[in-house]
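Consider the single chain below, provided in C-alpha cells and representing the form predicted on its own.
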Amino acid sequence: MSASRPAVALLRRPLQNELKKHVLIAFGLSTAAALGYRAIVSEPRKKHYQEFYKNYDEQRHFQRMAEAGVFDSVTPNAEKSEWIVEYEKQVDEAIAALRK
C-alpha cells in the first residue's frame, strides 16, 4: 500500500503545482527581459540624450529655423522691441545675481 501512496499525492492539485512552477518561470523571464531592456536600450538612450543636450544651443537652433522660414509669425533678424530688450536685460541681471 505504501508504494501507491506517492502516486496519489501526484494526482492531487496538478494544476496548482504546474501553475506554481510556471509563475516562477514567468516572473524570472519577465525580470530578465526588463533588466535586459534597461541595459541594452534605456541606458544608452539616456546617455545619448544627455550628450546631445550638453552641447545643444536652442537659441541658435531657433534662429536657423526662423531663417529657413519654418515659423509664420517670426521674421528672421528682426529688431526687438525696446520693452523686450529691457526685460531680457532684467532677466540676465537676475540670473547673474543668483549665480553669485
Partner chain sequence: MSTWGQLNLQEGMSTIMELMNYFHDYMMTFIVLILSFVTYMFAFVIISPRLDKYTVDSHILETVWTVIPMLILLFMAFPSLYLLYLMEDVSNPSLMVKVVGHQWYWEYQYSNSWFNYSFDSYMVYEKSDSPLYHALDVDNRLVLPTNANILFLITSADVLHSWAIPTLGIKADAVPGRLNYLSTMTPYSGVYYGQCSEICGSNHSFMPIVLEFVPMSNYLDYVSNLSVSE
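Predicted, not measured: the structure shown is a model, and the values here were computed from it. Numbering follows the first chain given and starts at 1.
Quick note: we don't show the form predicted in complex with the partner chain, though the next part is all about it.
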Any chance S81, W83 and K100 all have a heavy atom within 4.5 Å of the partner chain in the model of the complex? no
Using 4.5 Å between non-hydrogen atoms, is Q16 touching the partner chain in the model of the complex? yes
Please tell me whether any heavy atom belonging to E67 falls inside 4.5 Å of a heavy atom of the partner chain, as the geometry stands in the model of the complex. no
Check whether V23 has any heavy atom within 4.5 Å of a heavy atom of the partner chain in the model of the complex, and answer yes or no. yes
Is there a heavy atom of N55 no more than 4.5 Å from a heavy atom of the partner chain in the model of the complex? no
Applying a 4.5 angstroms cut-off on non-hydrogen atoms, the residues of 27-44 near the partner chain in the model of the complex are F27, L29, S30, T31, A33, A34, Y37, V41, S42
